[in-house]
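Next comes just one chain, in structure tokens: the form predicted on its own.
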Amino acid sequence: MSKTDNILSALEAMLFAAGDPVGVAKLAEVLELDIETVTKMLGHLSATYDERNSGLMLIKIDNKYQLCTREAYSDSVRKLLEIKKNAPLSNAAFEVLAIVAYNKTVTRSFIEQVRGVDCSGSIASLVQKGLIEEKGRLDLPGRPLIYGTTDRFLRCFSLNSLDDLPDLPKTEEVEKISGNDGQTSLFDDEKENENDNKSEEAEE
């Protein structure tokens, strides 16, 4: 086996064993190679899968790489593993997901301020489906949780990063949702309304 083949096999083994996306720097560290070489080998591995129409494919998510099955064989994989298809997201859940994705990190009270209704159910559902996750807490009274999207969200919507999200229509309402008035405005809104939201944020 040539040195190149050995590297490709090692990358394949590591990505298969990891399951989750792995950064190039980590792979390079383990193989004791430079990042440029590993990146080139990953591209070669991906092309190999495509050329032979393999059931596996290599995807890049936010500068990380992951092995996954091709969508064409998803039904067969589900049948083998007896995985039931998840129920489709409701319109409310999609709206919450859009607010989180376009603002990158938000609190529940901010989401509810934008939508005008309680969103605890939609947030819990999105967390359960692995599309959003807790990213920490805001340094305000009550220490409200901050939510952001996950790598699974990027995979489900075929995005490399949140920068690949399509532009939203330039309306006043959408600009507020998309955070075009600046990320700091999100936290300014939190501070301005902290007295009204103290009890709600304390529950979070």
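In this text, residue numbers run from 1 along the sequence as written. In this text, all values refer to a predicted model and were calculated from it rather than measured experimentally.
FYI, the form predicted in complex with another copy of the chain isn't displayed, but the following is about it.
If you check another copy of the chain in the predicted bound form, you find no heavy atom from any of Leu33, Thr37 and Leu42 within 4.5 Å. Contact check for Thr69: a heavy atom falls within 4.5 Å of another copy of the chain in the predicted bound form. At the 4.5 Å threshold, heavy atoms of Lys26 reach another copy of the chain in the predicted bound form. Another copy of the chain in the predicted bound form is not approached by Asn63, whose heavy atoms all lie more than 4.5 angstroms from it. Applying a 4.5 Å heavy atom cutoff to another copy of the chain in the predicted bound form picks out Arg52, Asn53, Ser54, Gly55, Leu56, Leu67, Cys68, Thr69, Tyr73, Ser76, Val77 from 45-78, in order along the sequence.
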